[in-house]
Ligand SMILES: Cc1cc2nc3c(=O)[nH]c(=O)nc-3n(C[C@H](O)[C@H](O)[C@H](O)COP(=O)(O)OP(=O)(O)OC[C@H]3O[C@@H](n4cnc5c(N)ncnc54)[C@H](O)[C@@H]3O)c2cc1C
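Okay, here we've got a single chain as structure tokens, the form predicted alone, with questions on binding and movement later.
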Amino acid sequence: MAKQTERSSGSSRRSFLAGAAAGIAGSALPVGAQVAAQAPTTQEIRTDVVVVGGGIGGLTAAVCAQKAGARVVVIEKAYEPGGTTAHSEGGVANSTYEDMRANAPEGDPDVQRTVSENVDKWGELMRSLDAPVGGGEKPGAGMSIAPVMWVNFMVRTIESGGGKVLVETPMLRLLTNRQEEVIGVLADSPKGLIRILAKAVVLATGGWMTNATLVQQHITRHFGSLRQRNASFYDRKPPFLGDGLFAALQLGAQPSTGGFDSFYGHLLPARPGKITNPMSNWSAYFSPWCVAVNRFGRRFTDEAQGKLTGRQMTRQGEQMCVQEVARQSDAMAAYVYDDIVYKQYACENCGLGGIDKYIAYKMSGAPTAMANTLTELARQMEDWGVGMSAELIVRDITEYNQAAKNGKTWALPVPKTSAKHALAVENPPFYAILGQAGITSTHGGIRVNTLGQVLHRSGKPIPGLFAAGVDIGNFNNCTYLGNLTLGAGYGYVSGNNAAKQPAPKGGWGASPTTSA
């Protein structure tokens, strides 16, 4: 592990997509657990704002706080900043508040309104900094970032403004004084424990998608079968265990009122298929036009909307379907489709260099099938050896096809409610790919107000504690509205408000339960 504790603007930086392994194993402490006494710290830093996490939420918060006159320190537990942002496709959307409510009606309305009202302000800030962004010239228009370039640019901006970005420095816990005000963090740097005292802390650690306990409790019991569709691959980077969520809950913070039972992701090649970045090359986005069957050969969900315990969602997409795939045995399903779907959706723009998903899955080593009859296709799928019944596959697809031709897929035992997606599978050759649910990020997290302040169970803000990005819960709820959008909007809000946080009334002495 590299012994780098501070990134200098003049030093060379490793590529965000390569480098030595820096995995940190372990699991987050349960809520209410007693923290063992720590050895005396060897370092102490005084600053105004400390940001925990180096993705879009954290880096935005840091730059905004710095522009507002605050001294800033960013700590990142990986060997490089960027998190899932550096591995994203770089889209920062800005839907209207009304569209957000229509598409994710069970999300937090205050959070959604705050994001909608501040993403354009984030865009204006980016343009004023001459950051590597595109689009957004008109109010409400989406923007794009060049992920790795943008992260590098933000790190340089922070450092050139006198701030520090410390890598390989995970937060151990939040520090509070005797009046329960947050006064900084205790972190573990390569050179030993470090106390960073600050007027405000912004949590931006990126979710809990690799925390087996939380995922099994809230999303699916098949955690071990999920594929991680994010920047945390255990052997390369520290896992996303919910660091910010647990740290806040230990101070009595409220969890979000929704979102814990859903996630954002897409189908990825089933094991033993091998996957590499970029994940979009392997993601099967075209399920709405397919028939999805589980590992036993049975159709189990609305391919365009999922089931999601009977919720009626207005938005369709493979992201909805894959949440139900995650709950199937081994988090596994096959997408079955015909030549029309292959040419229009599964191999869109292949003649111009687009990714042929059937070929991608086949080349990965995942089970695939292609045949001129559904009977032969089903036989090949049975030969995969995962438990599929060719008889059940043919029966369910035949039933589906009849309903599709009659315009009555809404009346199936497992309805398909979107007529435009209800295409009969009847034009050979026929295709099937076997995948497992890939999880990118979680939707549940900390509850915050419109200023980015973390709320206590009492309903009042926890003094000195803010959040940004995916640590904030219930912006997305079943439907995905955009994590970069959330990070941009609340990074802007929390950074600016954290810079205004006054010095703690109770002083800088840590209380006995949080002293180092």
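This is a predicted model, so every value here is computed, not measured. All residue numbers refer to positions in the sequence shown, first residue = 1.
From this point on, the text means the form predicted in complex with the ligand, which you will not see here.
*Asks:* Heavy atom within 4.5 Å of the ligand in the predicted complex: which of 88, 112, 368, 305 fits that? Just give me the one.
*Replies:* It is 88 that has a heavy atom within 4.5 Å of the partner.
*Asks:* By the heavy atom within 4.5 Å rule, which residue out of 200, 248, 204, 325 makes contact with the ligand in the predicted complex?
*Replies:* If I apply the 4.5 Å criterion carefully, the residue I get is 204.
*Asks:* Indicate whether the ligand has at least one heavy atom within 4.5 Å of a heavy atom of residue 229 in the predicted complex.
*Replies:* Looking in the predicted complex, residue contacts with the ligand include residue 229, since a heavy atom lies within 4.5 Å.
*Asks:* Can you check whether residue 463 is within 4.5 Å of the ligand in the predicted complex, heavy atom basis?
*Replies:* Residue 463: no, not in contact with the ligand in the predicted complex.
*Asks:* Even though the partner isn't displayed, in the predicted complex is residue 53 close enough to the ligand, meaning a heavy atom within 4.5 Å?
*Replies:* Answer yes; at least one heavy atom of residue 53 falls within 4.5 Å of the ligand in the predicted complex.
*Asks:* Report whether the minimum heavy atom distance between residue 77 and the ligand in the predicted complex is within 4.5 Å.
*Replies:* Yes, residue 77 lies within 4.5 Å of the ligand in the predicted complex.
*Asks:* Which single stretch, out of 249-257, 289-297, 68-76, 94-102, brings residue heavy atoms within 4.5 Å of the ligand in the predicted complex?
*Replies:* Residues of 68-76 come within 4.5 Å of the partner.
*Asks:* What residues of 427-460, in sequence order, lie within 4.5 Å of the ligand in the predicted complex by heavy atom?
*Replies:* Heavy-atom contacts within 4.5 Å come from 440, 441.
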